[in-house]
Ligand code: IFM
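This document opens with one chain alone, in structure tokens, the form predicted on its own.
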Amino acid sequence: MTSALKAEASTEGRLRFPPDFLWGAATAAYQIEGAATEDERTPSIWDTFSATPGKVRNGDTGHVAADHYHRCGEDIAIMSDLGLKAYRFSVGWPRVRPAGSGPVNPAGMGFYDRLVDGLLAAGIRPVLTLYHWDLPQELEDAGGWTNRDTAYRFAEYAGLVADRLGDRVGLWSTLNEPWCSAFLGYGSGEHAPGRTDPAAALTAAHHLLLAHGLGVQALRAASLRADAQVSLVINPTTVRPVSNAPGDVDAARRIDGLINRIFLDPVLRGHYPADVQADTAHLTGWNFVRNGDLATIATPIDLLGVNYYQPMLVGAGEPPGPVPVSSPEAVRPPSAWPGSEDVRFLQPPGPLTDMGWSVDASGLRELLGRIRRDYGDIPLVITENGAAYADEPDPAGEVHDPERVRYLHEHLTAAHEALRDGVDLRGYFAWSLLDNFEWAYGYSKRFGIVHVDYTTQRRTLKDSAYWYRDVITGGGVPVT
């Protein structure tokens, strides 16, 4: 992709985006593929976690999911109908390298061969994420992301996938949201593998970053296309203090350190934030960081993927009473935020999604501007943005989701404002293409712009899909 061009409002009533702006939609392997035991695929940590009673709502698993493994041709046709310029998907590590190490599984790799070829035949750019949380269970049994060796196994896996698909895939991401993998997987236990150890969460975060750096090096060493770009996808957010009181401001600093700077600083500056290390010193001596690690982690990337859903509002001290159930951040165990046990999370004012998440597009514009201000003009892509709502087909079989249309409109408007502010924003991927397995929420939450009937696997385009198609084909967001 070339550098982003200046965005402008046209006389035709649209907020115009650059001609080469990458319009896409995103998914993840475990959330949509199904076929969990087919073609020699072995269990991932999410297969084990979702099969454990009480871990996932309604006992749901990704065993069938949206059956994309068998229906990828149909789904590519939907992408083509929507006019998507790119499709962001993840490769299932347990499908491609079932033991986490050892030889490639030909059947598993063959699926991604067919997927990439099908996308290219439809004129859709494949955007590949190597790791979206589905660690092979065999590697978790050996310590998972608390085991330094896992980072090296990831680099091997990255090289194998690149050697097979590198001639056709031009945009690569190493990891998706390492914060969730580390802090929800090893800290609070809300995600697989379900461990509850704050020190382990910090160790896992470092090993994930090490895996990223080693993975970038493995990709660079592979036979990639000459124009290939390599990225990392994180989930930074705008963290706001509830007041200007010193304690509240410090609470925002601490949470900003634990969700934003703990990843941005080592990748883009080559060091961890000193205040984050000081805040967590009572949990770990950070002795998992070895000589040379930070140089590896800071191996240059071509762009940064940003997943944004909502801002955070925080304050100092314990909540005065029961926290609102609608706010998942408020009820999240302190172990998800090691070193910030006395920070309270508050529900921002305004509308909420079906996840109980705040709808506030100003946080996206603020976040993109902050990254540019603090880390320079690194090219950015919004790799996930979307909202869950309880939408179902009406008697005529149509799915009307005006809340999601409004959400997408507001956030794309904010993205356009960031472009006009000078942010080098190269693309936008709606989350998600399809309704899918929403991790610990199972199938109870629907993020898709395409509705999936999980009994029949029937796909139905929602109003938001038609709206997004109009944005893409029209070259910009309608001014309302």
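Quick note: we count residues from 1 along the sequence shown, nothing fancier. This one's a predicted model, so the numbers in the text were calculated from it and none came from an experiment.
The protein also exists as the form predicted in complex with this ligand; that form is not presented, and the subsequent description refers to it.
- Stretch 169-177 is the answer when you ask which of 193-201, 169-177, 403-411, 102-110 has residues with heavy atoms within 4.5 Å of this ligand in the model of the complex.
- Among residues of the shown chain, D279 is not one whose heavy atoms approach this ligand to within 4.5 Å in the model of the complex.
- Interface residue remark: F49 is not counted as part of the site for this ligand in the model of the complex, having no heavy atom within 4.5 Å.
- Interface residue remark: W145 is not counted as part of the site for this ligand in the model of the complex, having no heavy atom within 4.5 Å.
- Interface residue remark: F447 is counted as part of the site for this ligand in the model of the complex, having a heavy atom within 4.5 Å.
- Between the options W357, Y272, F345, Y157, the residue in contact with this ligand in the model of the complex by a heavy atom within 4.5 angstroms is W357.
- Proximity to this ligand in the model of the complex, defined as a heavy atom within 4.5 Å, singles out one entry of W337, Y186, F263, W133, which is W133.
- For the stretch 411-442, the set of residues having any non-hydrogen atom within 4.5 angstroms of this ligand in the model of the complex comprises W431, E438, W439, in sequence order.
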